[in-house]
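In structure tokens, one chain follows: the form predicted on its own.
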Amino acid sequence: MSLVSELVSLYRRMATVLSDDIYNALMKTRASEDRGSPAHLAISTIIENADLAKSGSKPICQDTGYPVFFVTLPSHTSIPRVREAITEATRIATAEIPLRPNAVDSITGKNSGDNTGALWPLIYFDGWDKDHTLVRAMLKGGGSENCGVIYKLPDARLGAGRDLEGVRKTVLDAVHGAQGRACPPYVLGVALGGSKDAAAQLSKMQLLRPLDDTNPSPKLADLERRLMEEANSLGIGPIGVGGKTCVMGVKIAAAHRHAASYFVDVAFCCWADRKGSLEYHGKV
């Protein structure tokens, strides 16, 4: 298969089938909620929706998202040709799956009609010494994107200093501020350090991590576990109707920072955490 064909297939999988880790987390969430409660009913409806989307090969949500790609290339591969292949696959996927056209010109307000445009899809490139191309991607919902927050520590309002305790306070503030918006139960991607733009990219990358992985940093692994417990103790629950689970996963990464700066970026993903990957061994 050509790269374009494989990318179209990736789009279809992401748009219509939840990955196993997300689906299993939703099942676990339902089991934790009291039967007959609004939370149990809400999460049951979410699971039924996911099952119907998979069986009918239809989009999981009417908002089919903002396509974001993280592509790792062999040294001999052309970035422009890969970008062209992703753009063409986006046009085809939009027409065939179909995906809702979401790309709007910020100046004219005109929708491009095919989910392509300036920085759309959003593509980050990296390289390695292997002989195949790795594509990791997500369809990022607009509601969850709107809930994303960047903090600059210290933060006097939160009493948050430039340390992991300060990071903890910002993440809990972000979850409390979101309440039921952005369709919980969420997955949270958190990045600390770096420049402002680097933190935003790094937090979004964390949303691609499997929910059951373990952070290689023991301190960050402990913070992920603590934030899961504390966020879920807020009582927000699925879709904000109250309950025991509003967060399915917290994934944190750290980057070196300038001595004058300490950014914390919190990226939200709704329960429809539409992510996927492919390895391409052909020529581009």
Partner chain sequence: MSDYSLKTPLSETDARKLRVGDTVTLSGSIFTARDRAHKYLIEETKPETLEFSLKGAALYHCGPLVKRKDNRFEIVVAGPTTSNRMNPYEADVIARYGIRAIIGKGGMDDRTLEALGRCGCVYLSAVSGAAVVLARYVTRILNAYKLEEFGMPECFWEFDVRDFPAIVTMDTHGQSIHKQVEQASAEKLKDLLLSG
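Being a predicted model, the structure only gives us computed values, none of them experimental. Positions refer to the first chain, counted from 1.
Only in words, not in the display: the form predicted in complex with its partner chain, which the text now covers.
- Contact check at 4.5 Å (heavy atoms) against its partner chain in the predicted complex: all three of 181, 230 and 241 pass.
- With its partner chain omitted here, the record of contacts in the predicted complex names 57-65 of 22-30, 247-255, 216-224, 57-65, defined by a heavy atom within 4.5 Å.
- Think of it this way: in the predicted complex, its partner chain has a heavy atom of just one of 210, 154, 74, 101 within 4.5 Å, and the residue is 101.
- In the predicted complex, at least one heavy atom of residue 172 sits within 4.5 Å of its partner chain.
- At a distance threshold of 4.5 angstroms between non-hydrogen atoms, residue 34 is out of contact with its partner chain in the predicted complex.
- For the chain shown alone, residue 165 is a contact residue for its partner chain in the predicted complex, at least one non-hydrogen atom being within 4.5 angstroms.
- Using a 4.5 Å cutoff between non-hydrogen atoms, residue 271 counts as a contact of its partner chain in the predicted complex.
- Residues 110, 111 are the members of 110-124 with a non-hydrogen atom no more than 4.5 angstroms from its partner chain in the predicted complex.
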